[in-house]
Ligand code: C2E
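We begin with a single chain expressed as structure tokens, specifically the form predicted on its own.
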């Protein structure tokens, strides 16, 4: 008889070289998490591992030499015996209870072991945790159809549910709206703070999205920072517009992520069934096209799809390819990019006190391309980094040329993008360019937009502090168009505020614009900042701003942006000293 609680063995059998030792098999049997029971040919228990004892609630001594016709195992019915006789195997689900009365469900595998004479000498029962297997299976099924970060349906589930919703809308003659939502400048958050902060933000976005729609509406995450919302059975497109506006407001509000206050406004594209497509792929493609149109329209807005957008999307792709070639082809004597310069005039004296460098692109396919078009593409594709580096080097080179022509103390403003501001090599790049052309930090000025300053305030403050410590002049561009916190603004080491041209254009006729300009100039002066007004085109605007005490004026009234040669001629012909 075998030693209680161990597998039966044949001590006379030879173990082939390289085979697993019996001791190893015994350890595997003893340590297995699955319950194992061995009986003889008469179905009397001769071995049970610890897992089986725990399951049954019986000690080994209570099990050995007994028949497993107990609550632990079902009796071997005729069908089971037949299967064992013919196939030496049977498996199936059992429901039983332990000695203590605890009920359990297990998956039972019975194997018949035959001796050399061909007769059955043992039965081996293996019981696995069916409930655990089901939980694992359910979890795997859930993960297959859900995004693990936000717990929203993933692309696979979205496509299936959208197809089902379209079938129902087609049957009942209802309209459906599909919204593609992309977070503006989300990549900057990941790049500057890390993916952990980006993941936290995405989870908050998912929560806010669910709060914006009905329980019957579908919200899914396609990947990255791209979400979709499906609104089935809408009455009119106005319903989709109202929901999109609600999403804009909720998602555009600030987020608290750790110690940071972040902003991630949405660009939303909307397509409608059956107007814009009859199948999931067409609707998704058209909504995606509309979303890119929303980004090109300035971000943080929603756009409905129109057929014209497909043409625009194709043109954008072609322009992106041309831009890539132009950036990769930058070389001395062969460059599609150039810098134009616009003078900045001191209001009180009429003197030129600075220049703003503005990037221009002349392409063989598209001709002169507006910065409003190609800068957005450069930011979306990451080309803004090499392009921005070129602008810094070229500005410093041309500033040195001005000095060599006798125009000292020229300060030239350079626009810095959000990606540049948070790139590791910005400080090193500026130091290198200044040293290469023997310039002082006071010879240049860096401008960042208000929205860029507010994306990651703590990171921005740290970088600006380092730039200010170098002695570089700093300005906030497009002031009044973003989400500035005045409590934060006063801590920035900036020297100038540039009032956005949108407030200057109607300053004489629009009371709101006049009030904004008045308040902004007063605010800037109270913080010890210089105020620059952009977009000055008429003498009336100049006089109005002068009465408000605006320090510096810039606009077509004085000059359009000019190529470098024309700037030199402009300064020389006016014989205006540059301060």
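Positions refer to the first chain, counted from 1. Owing to the predicted nature of the structure, the values given are computational and were not obtained by experimental measurement.
As for the form predicted in complex with the named molecule, it is not shown, yet the points below apply to it.
Just one of 251, 391, 127, 467 comes within 4.5 Å of the named molecule in the predicted complex, counting any heavy atom, and that one is 391.
The partner is absent here, but in the predicted complex a heavy atom of 358, alone among 149, 212, 358, 160, sits within 4.5 Å of the named molecule. Only one segment in the set 56-64, 535-543, 40-48, 516-524 has any non-hydrogen atom within 4.5 angstroms of the named molecule in the predicted complex, and it is 535-543.
At the 4.5 Å threshold, heavy atoms of residue 447 reach the named molecule in the predicted complex. At the 4.5 Å threshold, heavy atoms of residue 371 reach the named molecule in the predicted complex.
Interface residue remark: residue 443 is not counted as part of the site for the named molecule in the predicted complex, having no heavy atom within 4.5 Å.
Within this chain, residue 184 is remote from the site of the named molecule in the predicted complex, having no heavy atom within 4.5 Å. For the partner-free chain shown, just 501 of 499-513 comes within 4.5 angstroms of the named molecule in the predicted complex, judged by any non-hydrogen atom.
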